[in-house]
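Shown here is one chain on its own, the form predicted on its own, set out as structure tokens.
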């Protein structure tokens, strides 16, 4: 990389609760191991975001920052949990919900050490804080400062309101379509499908899967409901998103 040099935070600070994992063998085994790592780290981002009181969009931005970063660099070169902490910090700035580095560090520490007291403001703490900030600069440079993203959230909200008007209100109240759709959308951020599909297609696919899961049928017209809401989406696009999401659920089972 070009530009001013600085010591890489991931190699300089490794507290015990950020200990790196073992490197895997080449081939599919290593790829599978990396996917598991990314899944676990994104879950860490989401749980950390909840404990920090972050809204859903800043948390989603943190996950996208994480996936975009490791789209460009090798996992073995950087401590993924430290990158995740920096992504949470940066996402708070991008989405105007600024979170203090001290809070991020303490919440992360308790994530790995349940019930432990906050870290002392000693040299290790300040070194880690400096590492988070320096890693933030590294992420910005790797992403060429392109850190604003369009998320599926606003599209899903619009699609839900449109579909609700087509469904019998008693049938809608009996089935948690909205809650399930939002849960599926959140799960999409555990993997790279959140950056490999367009926001509109993800929104349509999560709603489509939620409707099918509860057997809710919409009135039949000249076009499918999803063609009316999103003119450029095809059934193949929907199936592709759902397939990637189901693979994430398979990954979750492997991570238990």
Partner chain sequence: MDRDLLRQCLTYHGESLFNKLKCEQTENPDFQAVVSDLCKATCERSEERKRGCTNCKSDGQDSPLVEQFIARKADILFCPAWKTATHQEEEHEQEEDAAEPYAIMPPVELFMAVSFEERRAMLYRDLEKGDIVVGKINNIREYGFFLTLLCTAGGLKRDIEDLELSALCHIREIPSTGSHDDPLSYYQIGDFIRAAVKDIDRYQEKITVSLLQPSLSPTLEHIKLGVFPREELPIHYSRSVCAAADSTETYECILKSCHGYHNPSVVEYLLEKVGVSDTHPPSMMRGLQSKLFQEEDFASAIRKRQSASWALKCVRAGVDHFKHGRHVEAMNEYNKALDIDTNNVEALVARGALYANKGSILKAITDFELALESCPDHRNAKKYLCQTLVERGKQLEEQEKLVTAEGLYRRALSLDDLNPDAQEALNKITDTIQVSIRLREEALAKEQEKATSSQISAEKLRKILKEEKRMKKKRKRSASSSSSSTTSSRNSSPSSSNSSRRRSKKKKKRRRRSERGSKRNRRISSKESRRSEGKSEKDRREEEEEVEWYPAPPNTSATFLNQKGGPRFGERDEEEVVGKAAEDKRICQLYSLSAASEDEESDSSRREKKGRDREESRRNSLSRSPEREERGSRSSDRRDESSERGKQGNGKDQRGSDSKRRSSSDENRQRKASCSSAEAEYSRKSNFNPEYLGISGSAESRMRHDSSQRNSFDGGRYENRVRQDIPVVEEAKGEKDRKGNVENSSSSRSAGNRKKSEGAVNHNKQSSLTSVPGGSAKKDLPSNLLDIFNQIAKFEKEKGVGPK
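Positions refer to the first chain, counted from 1. Quantities reported herein were computed from a predicted structural model and do not represent experimental measurements.
Just so you know, the form predicted together with the partner chain exists too; it's not on screen, but the next bit is about it.
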| message | Is it the case that residue 64, even though its partner is missing from this view, gets within 4.5 Å of the partner chain in the predicted complex, heavy atoms only? | response | no
| With a 4.5 Å heavy atom cut-off, would you call residue 37 a contact of the partner chain in the predicted complex? | no
| message | Check residue 117 for me: does it contact the partner chain in the predicted complex (non-hydrogen atoms, 4.5 angstroms)? | response | yes
| message | Even though the partner isn't displayed, in the predicted complex is residue 76 close enough to the partner chain, meaning a heavy atom within 4.5 Å? | response | no
| Quick one: of 93, 100, 72, 141, which gets a non-hydrogen atom within 4.5 angstroms of the partner chain in the predicted complex? | 100
| task | Pull the contact list for 168-186: residues with a heavy atom within 4.5 Å of the partner chain in the predicted complex, in sequence order. | result | 168, 169, 170, 172, 173, 174, 175, 176, 178, 179, 180, 182, 183, 184, 186
